[in-house]
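Shown here is one chain on its own, the form predicted alone, set out as structure tokens.
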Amino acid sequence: MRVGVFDSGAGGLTVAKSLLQTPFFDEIIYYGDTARVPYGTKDSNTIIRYGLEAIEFFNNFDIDVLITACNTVSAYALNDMRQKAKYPIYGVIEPGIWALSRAVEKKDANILIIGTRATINSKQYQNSLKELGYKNVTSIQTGMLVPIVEEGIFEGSVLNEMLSYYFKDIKTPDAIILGCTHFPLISEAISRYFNNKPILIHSGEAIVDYLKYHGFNQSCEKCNITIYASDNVEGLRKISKKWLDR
């Protein structure tokens, strides 16, 4: 089977890595829209248009499934994309909520959601957690972390200063939903900031468990990945080599 993985840039490589480690598929076609990253600052109509244009890109390949690794696209464009596509499409928000519910049983646990402005403003995570009975949910926009990751900065003073800017008034949570697929690339730094105490909900790990739950089996001996980008494909491939070791 061949799967497409779509993201606004490099962040979806975190999903691709999890898929490579649990090979449901023979091949991953990865497309990062690096020319227009970040999506989290765009309006909903623009995000939907970008999602539909991604369908046109993947129609050039004989894919069996598409994973929309971008949380912002998952929040705004998933239904429109499903209406246009001829193959199943999975987003990352529902798997993330599902993973959180399995990892955190206490409904009074302190949960922090971090994501782009558009993802946080969509309230998809917040409303879903409220429906499940979680009482103490905090959500903050941390969109400036996206360009930092796109620059290949995964540790160091620049990143630490930005984490301090965003988290200085945040009490150490019990769990953090990394509501942008860029954020697992800096998950170690985020965890260290909170003294390695919170449970981190990672979209890549969540989607793998979600696919398993929905009947996907680890049946392929090897999975290959091909990287495409709308701009600076070599830059994306450089991050891919560092993150995926291939």
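What you are looking at is a predicted structure, and each value in this text was computed from that prediction instead of being measured. All residue numbers refer to positions in the sequence shown, first residue = 1.
FYI, the form predicted together with D-glutamic acid isn't displayed, but the following is about it.
Here the chain stands alone, but in the model of the complex its contact with D-glutamic acid, taken as any heavy atom within 4.5 Å, falls in 36-44 among 36-44, 214-222, 56-64, 192-200. Of the residues 146, 97, 175, 81, just one reaches D-glutamic acid in the model of the complex with a heavy atom at 4.5 Å or closer; this is 146. Of the heavy atoms in residue 180, some are within 4.5 Å of D-glutamic acid in the model of the complex. Annotation for 1-18: interface residues with D-glutamic acid in the model of the complex are 7, 8 [heavy atom within 4.5 Å].
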